[in-house]
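Just the one chain here, the form predicted alone, laid out as structure tokens.
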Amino acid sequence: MTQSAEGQFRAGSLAHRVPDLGALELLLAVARLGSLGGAARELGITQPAASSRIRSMERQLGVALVDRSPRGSRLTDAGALVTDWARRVVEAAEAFDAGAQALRDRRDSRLRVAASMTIAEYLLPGWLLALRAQRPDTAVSLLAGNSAAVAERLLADEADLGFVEGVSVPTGLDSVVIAHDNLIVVTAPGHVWARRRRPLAGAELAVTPLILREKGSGTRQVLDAALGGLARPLIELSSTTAVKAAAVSGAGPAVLSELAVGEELSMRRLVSVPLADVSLARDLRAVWPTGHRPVGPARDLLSLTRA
């Protein structure tokens, strides 16, 4: 066997040669209390289980560790030496645990969320309020943009959890559907489409210049896919709020999420135009980098979206 292979063998078999932390903690308790029964009670196990564990450790190490008598349990000379080593191992494990907890605390102290515009404006505020009730010490930052920008943020490790509205899941991301939405055609009450007696055909919508979001937005992706192409935009804007304001002003028709126009429809500032032969339903998704399922605050926020 080569020196390299021998080193790999020894490293790989260390777990079989060294007692586990539970056994070492038991030995330390026996040394401190002078009683196997007292050590068992302190660690919440039965005395037979404690005796079995000590015997197993003695077999593993090949030396006697504890002398048992009616007056109690006493460490052998070898047991006292092993106890000193065990104390260092347990102290190192406690330092390891404290360090890991510090990493978790740092992770849990902040949450970076990236979301496409409709979700950021109309769904996330409620979810974030609920998260604050659960985790009042977590600082949350929200980066709003189109679905393509959300994917870029996640893949660049600039966000912990994302939300998108597009047709498909961006490459490099895993996802879960958290809600469903419908896009609807809206116009100002004075527009000719507001007085239509028949539903609007998809073909007519496709050739009509519309007030649209920018390329890369989930809303535009869904609309483009459903219609098989779009006319040159009447106006191209970078937020749902801006598109809605332009439509309310009478600049032209737009296609927006039902979530975004409820108040405008009820107040008759906008009118919904029925579609005859096109479905504009879409899934809203939570997304994260492939193989890195959300943990900590991101996991809790994801749970709230599906409650």
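Keep in mind that what you see is a predicted model, and the values were worked out from it rather than measured. Numbers for residues come from their place in the sequence shown, where the first is 1.
Quick note: we don't show the form predicted in complex with the DNA, though the next part is all about it.
Quick one: does residue 29 come within 4.5 Å of the DNA in the model of the complex, counting heavy atoms only?
Residue 29: no contact with the DNA in the model of the complex.
4.5 Å heavy atom contact, residue 45 and the DNA in the model of the complex
Contact with the DNA, yes.
Indicate whether residue 56 is a 4.5 Å heavy atom neighbour of the DNA in the model of the complex.
Flag for residue 56 set to yes.
is_contact(residue 268, the DNA) in the model of the complex, heavy atom dist at most 4.5 Å
Because no heavy atom of residue 268 falls inside 4.5 Å of the DNA in the model of the complex, the answer is no.
Quick one: which of 156 to 164, 198 to 206, 185 to 193, 68 to 76 gets within 4.5 Å of the DNA in the model of the complex, going by heavy atoms?
Of the stretches listed, the one contacting the partner is 68 to 76.
Whether 101, 112 and 137 jointly form a contact site for the DNA in the model of the complex is the question; each needs a heavy atom within 4.5 Å.
Not a single residue of the candidate spot has a heavy atom within 4.5 Å of the DNA in the model of the complex.
52, 238, 279, 249: which sits within 4.5 Å of the DNA in the model of the complex by any heavy atom?
Contact with the DNA in the model of the complex is made by 52 alone.
The DNA isn't shown here, but in the model of the complex which of 61, 273, 36, 259 has a heavy atom within 4.5 Å of it?
None of the other options qualify; the answer is 36.
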